[in-house]
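So this first bit is one chain, no partners, the form predicted on its own, shown in structure tokens.
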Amino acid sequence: MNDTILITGGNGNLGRLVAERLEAQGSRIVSFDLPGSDGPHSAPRDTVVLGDVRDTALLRDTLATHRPDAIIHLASLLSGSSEADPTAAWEINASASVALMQLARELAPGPFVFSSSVATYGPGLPSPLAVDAPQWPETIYGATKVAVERMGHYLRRVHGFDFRCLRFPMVLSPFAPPTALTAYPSHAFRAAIEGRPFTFPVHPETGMSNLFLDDVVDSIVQLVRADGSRLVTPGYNLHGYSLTAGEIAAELSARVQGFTCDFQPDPVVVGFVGGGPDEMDSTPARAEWDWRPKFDFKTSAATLLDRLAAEVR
């Protein structure tokens, strides 16, 4: 490929991995992220634009200067930060995203890949969770993601805007932010490698749909490259495997000598994940752009432990 792709949140852990994968395919990457997010990884391998995603003038200038062939929109406040500051969450996650899509219609009409979440659905829904299940989130984070999905769908239907949406489940990753309330599976793995006991903030039987980080990266790259003529679903649910907190504890106890843990359910965390689906129906993604996860829980656990062990050595 010889194209230019803009990645918002491009200096973040996920953004960098997506950038590396696309650069290996020959793409030129323009990373847009907050000041202070750039580092040695940012140059000279790509172009970096530092700024706030709420700065519409800077976004316009970035698109007009670089004329990207596609946009991957990853910039977002996470769930915990969103609940702490709902006003900022709406400005960053919703309003700024809509403004970016409007600019993209004018200046970068190629694929626009949006990172959404299982949090767009409310609690108590059936499993497997269909892509067209009612979306009535109970968090501001989920509400902002639904707002962008709806606007993207509108722009696609009315104006032919090439909006492509991925809804991720819980992600098992070595880069899970410590403040991410729902990232306790990833936090448990880090605690095990660092020799610390871990307290699960949920019941042992609490489970949810999961996906390993590498499959997240693959899905973003695959969707931005997908044949648009095959894409008919407004948003795609992705699912790797079902996993309970008790299963995580058992796997870590078997793999990491001396690992200890207990369970002290936090009503806030249980409220976030307790009513989530054990499986998200990924049939449309499999049918329309041939998506398949490469990692099950066993291979995810082994790979994650290896990466964390290499990091702490």
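Quick note: we count residues from 1 along the sequence shown, nothing fancier. Just so it is clear, the model here is predicted, and its values are computed rather than measured.
The next section is about a form of this same protein that is not shown, the form predicted in complex with a small molecule.
To test your reading of this chain, name the stretch in 127-135, 140-148, 189-197, 237-245 whose heavy atoms come within 4.5 Å of the small molecule in the predicted bound form. Heavy-atom contact with the partner occurs in 140-148.
Please determine whether each residue of P174, V217 and A302 possesses a non-hydrogen atom within 4.5 angstroms of the small molecule in the predicted bound form. None of them does, since no heavy atom lies within 4.5 Å of the partner.
Would you check, heavy atoms only and a 4.5 Å threshold, whether N13 touches the small molecule in the predicted bound form? Yes, N13 sits close enough to the small molecule in the predicted bound form that at least one of its heavy atoms falls within 4.5 Å.
I'd like to know if P169 sits close to the small molecule in the predicted bound form, meaning any non-hydrogen atom pair within 4.5 angstroms. Yes - in the predicted bound form, heavy atoms of P169 and the small molecule come within 4.5 Å of each other.
Taking heavy atoms and a 4.5 Å cut-off, does S117 contact the small molecule in the predicted bound form? Heavy-atom contact with the small molecule at 4.5 Å: present for S117.
Would you please decide whether N210 lies within 4.5 angstroms of the small molecule in the predicted bound form, comparing each non-hydrogen atom pair? No, N210 stays farther than 4.5 Å from the small molecule in the predicted bound form.
With the small molecule left out of view, which of L78, V202, V224, A94 would have a heavy atom within 4.5 Å of it in the predicted bound form? Checked against the cut-off, the match is L78.
So which of E288, D52, D61, D266 reaches within 4.5 angstroms of the small molecule in the predicted bound form, heavy atom to heavy atom? Exactly one residue meets the criterion: D52.
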